[in-house]
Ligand SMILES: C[S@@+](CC[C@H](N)C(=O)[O-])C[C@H]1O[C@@H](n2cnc3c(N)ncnc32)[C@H](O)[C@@H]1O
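Here's a solo chain for you in structure tokens, the form predicted on its own.
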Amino acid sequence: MSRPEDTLPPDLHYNDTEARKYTTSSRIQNIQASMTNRALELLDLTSPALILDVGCGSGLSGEILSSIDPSEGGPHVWVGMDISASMLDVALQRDVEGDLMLADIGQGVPFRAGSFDAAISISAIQWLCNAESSEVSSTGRLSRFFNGLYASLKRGGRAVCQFYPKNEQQRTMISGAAIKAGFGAGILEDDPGTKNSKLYLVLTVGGSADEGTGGDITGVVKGMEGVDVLDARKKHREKGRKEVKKGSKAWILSKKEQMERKGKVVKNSSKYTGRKRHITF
């Protein structure tokens, strides 16, 4: 059986007909609600938060965010972004409470740095692994998304992305892009080995020395069973301190990546980046 992302781009697949079918299906509503509640459990929010809903569709997850009991950390204020105009049109017809944005997450997350307390994404980010033309790479789309998501979250913020990877390669590609963007990352799998298996990518944006987390994902998933911790940033940073010389091309490129993750505009790199200038008379 073919997967939807193997047939058409999401903005074409989720046309008016598919958007209505998706939203009115009681089976999909129940699955979406279950996965959204699981994502909220992993976010572990203790007070009302501003949440970004990535691939919000017709607002099924948003309805849950808006209806959380205050004693359980809500209700939350949310902003949804989706590439399908038809899905967002259905959301408007349903009068959802969140703000909506028509946007392609593969082109980035266009919000001011540190705007959101948290983010969720249900059944969306696997679409980034499919490049629609030879000019567009899945690696580039994943990089732009995770870099933008990292920048849009407050320090200490979290994101939970439920996704359906086609294979182990896609799973590694997605988690690797998140780690490269600066996230602490861990993968949690519910009901492994069954047809109901669900995969959650749990992400953290740093932490402070006072908190004692240092951005390590293990602080978030402590006590949970079956968590595959993927955070290797500390090891890479230590390795980088030993091998990368200050002022070298590698050092400059690393600094530029850090600035991009913070939402700052930097000049494009070229073959001249880091090259020593000759003294001329």
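Quick caveat, the model's predicted, so the values are computed rather than measured. Heads up: residue numbers just count along the shown sequence, starting at 1.
Not on display, but discussed next: the form predicted together with the named molecule.
| said: Just to be sure I understand the contacts: of Ser84, Ser152, Ser175, Thr204, which is the one whose heavy atoms reach within 4.5 angstroms of the named molecule in the predicted complex? | reply: Spelling it out, the residue with a heavy atom inside the cut-off is Ser84.
| message | Please identify, from 247 to 255, 38 to 46, 51 to 59, 64 to 72, the stretch that has a heavy atom within 4.5 Å of the named molecule in the predicted complex. | response | After filtering at 4.5 Å, what remains is 51 to 59.
| said: Just checking whether Ser123 would be counted as a contact of the named molecule in the predicted complex - the rule being heavy atoms within 4.5 angstroms. | reply: Yes, Ser123 is a contact residue.
| field | Contact flag, Arg141 vs the named molecule in the predicted complex, heavy atom cut 4.5 Å | value | Because a heavy atom of Arg141 falls inside 4.5 Å of the named molecule in the predicted complex, the answer is yes.
| Can you check whether Gly106 is within 4.5 Å of the named molecule in the predicted complex, heavy atom basis? | Judged by the heavy-atom cut-off of 4.5 Å, Gly106 is in contact with the named molecule in the predicted complex.
| said: Using a 4.5 angstroms cut-off on non-hydrogen atoms, would Ala91 count as touching the named molecule in the predicted complex? | reply: Judged by the heavy-atom cut-off of 4.5 Å, Ala91 is well away from the named molecule in the predicted complex.
| query | Which of the residues spanning 7 to 42 lie within 4.5 Å of the named molecule in the predicted complex, based on heavy atoms? | reply | Contacting residues: Pro10, Tyr14, Tyr22, Gln32.
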